[in-house]
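The chain that follows stands alone, in the form predicted alone, written as C-alpha cells.
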C-alpha cells in the first residue's frame, strides 16, 4: 500500500542517519561526543519531580481538561504577567504536548492549503516540514549578508496576499542569536499592519548570556491580547531541563485558543496530568535552577567559541542565548553533510549539518552537555580540521592517527 503524497513529502530528520551511526559506534565502545542533541543536561527541578510522584502515588491518573489543568494554566498566566508584563486570562492559554505540538496546533488552526508561512533562516529544522504537513507553503527568508538577522525589507519583499504568519525564534536555534529589539518591533508593526500572525517561539527566552536584557514582545504593541496578532509559544523543556515531560503552551486570543482546544480534543484528547503538575511546580517554584543552567552553558559557550576561533578558516559568531552555535566552515568544506560525516568518522563527534537549518557550509553545535565533554569535543574538532594539529590524539581509550 502506498503512503500518502503528503507523508512522502515530509523530509527525514537530518540527524537520524548520523545518530544511527553514532549509536553503532558507541555500541562498539567508541567514545562519542554528541553535539547534536538540543537539550540541557541539568536535572529536572526536585519540586517538579516531587509533584509528579505525589500525583502518581494518588492513583488518580485520569483524563484532564483538553486545554490544561486549571492550576497549571493559572501558573502560566502568572508567568506571562511576570516575564512579559502582560495580563492575560486562563482562556488565553492552552497547554499542549511540548512547544512543537503547540506550533503544530497553531498551524492546523490557521493555515489553509496554499497559505504561506514566512520562516527566517537560519531556522529550526522542523518549521518548514510542519508547515508542509498542513498543506501550507514555507517561504524562507535568508539574510543577503550571510548573517543571522534579516532586514525588514527582505521580509517585506516576500509578503503576498497568501502570507498568513511569520515565525520568529529568538534566542535562535541554531545560531544562538537574539533579534535586536528594533527588528522585533518592526516585525510586530508589519504583522499588525498586514494582518499577519506573528508566532513568537520563546522556548529559549530565559537562556540569555552576559546579563543581556531583551524586551518582551508585547512591549511593541498597543493592542490587547484579544486584538493583537502576536502569539507566544513557550514550554518547560529547555529552561528547566524537562524535555521528556512534553509540556508547552500557547498564549493567544480566546477565539484561537478555543479553536486549538477543539483540535487537541480530537487528536491527543489531553496532556498527561502527571507532567502538568510537574510543569506547574517548575514554574511556581525556586528559579535558582535557571540561573545555574545559564551560568553553566555560558561557560560552555566560552569554551566552544575560544576553541573554534583557533581553527584556521572557521568563522563563528558568539551566541547571545540558547545553547547552540552555528559556525561557518565553508572555507574548509562547503558541504555540511560531508563535513558532519567526516567529523563523526575521524573525531567521533556528532554535529548537525547547517544545510538542514537553511544555511549550507555551517554546522550546528549544541553545548548543553557537561563541561568536560564540551571541551573534549571541541578539541577533537580542532584536531581534525586544523592542519597544525599533532599527528596523534587520545580519543577514549585509544590513540587516533591523522591519515588525511
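What you are looking at is a predicted structure, and each value in this text was computed from that prediction instead of being measured. Positions refer to the first chain, counted from 1.
The form predicted in complex with a small molecule exists for this protein as well; it is not shown, and the discussion that follows is about that form.
K.L.:
Tell me which stretch of 67 to 75, 93 to 101, 311 to 319, 106 to 114 has a heavy atom within 4.5 angstroms of the small molecule in the predicted complex.
P.N.:
Of the options, only 93 to 101 has residues within 4.5 Å of the partner.
K.L.:
I'd like to know if residue 237 sits close to the small molecule in the predicted complex, meaning any non-hydrogen atom pair within 4.5 angstroms.
P.N.:
Although the small molecule is absent here, residue 237 would touch it in the predicted complex, with heavy atoms inside 4.5 Å.
K.L.:
Report whether the minimum heavy atom distance between residue 204 and the small molecule in the predicted complex is within 4.5 Å.
P.N.:
Residue 204 belongs to the contact set for the small molecule.
K.L.:
In the predicted complex, does residue 329 have a heavy atom within 4.5 Å of the small molecule?
P.N.:
Close contact is absent here: in the predicted complex, residue 329 is far from the small molecule, nothing within 4.5 Å, heavy atoms only.
K.L.:
Does the small molecule come within 4.5 Å of any heavy atom of residue 84 in the predicted complex?
P.N.:
It does not: once the small molecule is placed as it appears in the predicted complex, residue 84 has no heavy atom within 4.5 Å of it.
K.L.:
Three residues, 124, 127 and 173; all within 4.5 Å of the small molecule in the predicted complex via heavy atoms?
P.N.:
Yes: 124, 127 and 173 each sit within 4.5 Å of the small molecule in the predicted complex.
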